[in-house]
Ligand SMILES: Cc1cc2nc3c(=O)[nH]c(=O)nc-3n(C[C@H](O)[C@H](O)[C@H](O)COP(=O)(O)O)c2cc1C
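Encoded as structure tokens, the following chain is the form predicted on its own, with no partner shown.
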């Protein structure tokens, strides 16, 4: 559902501050969100692409080279929808059969356990809780370990061949790596200018 439909619906339905997310990257978006009644905006991809972000520079440059149609919505990461950049790993995930995908997820579950230091009983308890809360199948519970491991491989280790890169469609509109301070100051200044015109 587009933000322009979802945001006013949520604002009208609740009595708490609403933070708008999805496609925001500049002051015009902030002004629009405020006009819809939101208290502010959240920006995932925009903050990821700042000079202060710890994402490897080569990965940031890869993001900056993408267009608005270079993302894909996939359930092959862990069974729930994720919007990610098209990368060699995403292509492998999308073409892998269920058995290969489950085998890869099981391997990631083992690596996730090592990375976090969780004991096998603790992981099993968390898996059982996840299955009860969400209604996931056991294969979906095992696949849940894919998300942190594949995102880590892409965004921390900088591997396009073995990781995934979370991204909104807004990636195609971004063209630089400002500092967080420059980004926020610029967005606020632009939003104020837009709101003064109204």
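Positions refer to the first chain, counted from 1. Just so we're clear, the structure is a prediction, and the values are computed from it rather than from any experiment.
What comes next is about the form predicted in complex with the named molecule, which does not appear here.
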Original post:
Of the listed stretches (126-134, 65-73, 28-36, 168-176), which one has a non-hydrogen atom within 4.5 Å of the named molecule in the model of the complex?
Top reply: 168-176
Original post:
Do residue 183 and the named molecule come within 4.5 Å of each other in the model of the complex, heavy atoms counted?
Top reply: no
Original post:
Does the 4.5 Å heavy atom contact test between residue 153 and the named molecule in the model of the complex come out positive?
Top reply: no
Original post:
Looking at the partner-bound form in the model of the complex, is residue 48 within 4.5 Å of the named molecule by any heavy atom?
Top reply: yes
Original post:
Would residue 18 show up as a contact with the named molecule in the model of the complex if we use heavy atoms at 4.5 Å?
Top reply: no
**OP:** Answer with one of 43, 149, 59, 144: the residue that has a non-hydrogen atom within 4.5 Å of the named molecule in the model of the complex.
**Re:** 43
Original post:
Relative to the named molecule in the model of the complex, which residues of 6-23 have a heavy atom no more than 4.5 Å away?
Top reply: 21, 22, 23
